[in-house]
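To begin, one chain is listed below as structure tokens, in the form predicted on its own.
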Amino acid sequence: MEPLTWGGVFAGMFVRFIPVWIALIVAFALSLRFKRRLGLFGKLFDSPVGMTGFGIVMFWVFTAIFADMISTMDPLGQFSGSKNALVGAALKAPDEGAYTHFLLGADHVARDVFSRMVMGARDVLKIAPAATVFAFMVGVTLGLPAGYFGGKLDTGLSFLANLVLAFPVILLFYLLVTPEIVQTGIPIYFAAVLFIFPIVFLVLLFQSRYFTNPPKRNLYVGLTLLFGLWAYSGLAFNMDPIGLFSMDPNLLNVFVSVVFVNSPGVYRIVRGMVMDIKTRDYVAAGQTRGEGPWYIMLWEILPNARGPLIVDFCLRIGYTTILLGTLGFFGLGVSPESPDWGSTIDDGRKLLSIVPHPALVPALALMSLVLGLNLLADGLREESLKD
């Protein structure tokens, strides 16, 4: 069987990504149609930079969603006689009905680079956004009272945040996932503390909002505690009896590390914004009406800080993506066989001067996702400043 030409390679990849192209067209069409009803997100489509970033990010999001349909081969499968196969090379003896070519070549152990790139997007986007959300829950829950009340609470929390931020991020991240630290059980203790913050945040949110409506408050708080503690027991301690919520030990270590490293930065941003916003007239008006501190913090101050926080959220996902790639590159990622981009780059760099494509493909994928997140953040920042 003849190898594919470069034109055949690009045509083959275009066809494999058809579900992504369709999803992108639908996403852009709906967003443009209803952009005036979508607040800050809708205004993003008035910015060419923001639209470009949105398109790149959503390309990888849809790639992760449709990865099983896009992949041409098993990303962990090894194919005899195809070690370091070039771009467009044909399989030596393909099974009947199987894909017949390596669209982006094969690596040093004869695994398909294209399929590993596609499935690697799922690994990255499964961790980075969720871990960033948890980090924001921690940072917001602690930053709001620190900035609003000040005093000893602010001093104590700021000292702890500065203590964590004093460490180089990469070094701290590296230490938290090393086998020696993992064996001490420290990630489990961190998970026990950090994973409780989303529950605390939502309970405070509903308690402050529906304090004068006990039936509705009890319903929302009760559901939050029921499902929150159920998820908490499974994610932090792997004790979910049904098995719906669980996390592999390696994934838990990486997830907890991301949350722990990002939380102090979020805390400092929220604290600084609260110290500024709490001096505004509408906050004083809320205090005059007798509104409680947590209502003012969560329903008066936090919504008015959403623009910068959304921008920081996008940027922080990009930082987290780079950190995950760094961990994978050092062999401390989700698992040794994982097709995450960092591990794939590390595998490919060993023969970089001979066959560059096994390392170059995931490196370009990682770069494009981070670039898209940065452009998206720039677009959101540009539009938020117009409010």
Partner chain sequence: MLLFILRRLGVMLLTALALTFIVFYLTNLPPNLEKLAKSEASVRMTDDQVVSWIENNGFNAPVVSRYAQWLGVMPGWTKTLDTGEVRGRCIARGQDPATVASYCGLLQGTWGMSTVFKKPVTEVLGRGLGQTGWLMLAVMLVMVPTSLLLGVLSGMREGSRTDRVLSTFAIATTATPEYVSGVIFIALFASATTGISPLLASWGWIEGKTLFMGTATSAMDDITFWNFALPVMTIALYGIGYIARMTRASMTEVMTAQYIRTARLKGVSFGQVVLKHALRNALIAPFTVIMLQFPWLLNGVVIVETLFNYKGFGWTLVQAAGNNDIELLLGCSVVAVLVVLVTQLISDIGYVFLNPRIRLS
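All figures in this text were calculated on a predicted structure; none of them were measured in a lab. Residue numbers count along the first chain shown, from 1.
Beyond the structure shown, there is the form predicted in complex with its partner chain, which is absent from this document and is the topic of what follows.
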* May I ask whether Glu180, Thr326 and Met367 all come within 4.5 angstroms of its partner chain in the predicted complex, judged by heavy atoms? => yes
* Quick one: which of 235 to 243, 165 to 173, 195 to 203, 142 to 150 gets within 4.5 Å of its partner chain in the predicted complex, going by heavy atoms? -> 165 to 173
* Applying a 4.5 Å heavy atom distance criterion, does Phe41 contact its partner chain in the predicted complex? -> no
* Heavy atom to heavy atom, is Ile345 within 4.5 Å of its partner chain in the predicted complex? -> yes
* Exercise: Pro356 in contact with its partner chain in the predicted complex, heavy atom 4.5 Å -> yes
* Is there a non-hydrogen atom of Ala67 within 4.5 angstroms of a non-hydrogen atom of its partner chain in the predicted complex? -> no
* Which of the residues spanning 298 to 330 lie within 4.5 Å of its partner chain in the predicted complex, based on heavy atoms? -> Tyr319, Thr321, Ile322, Gly325, Thr326, Phe329, Phe330
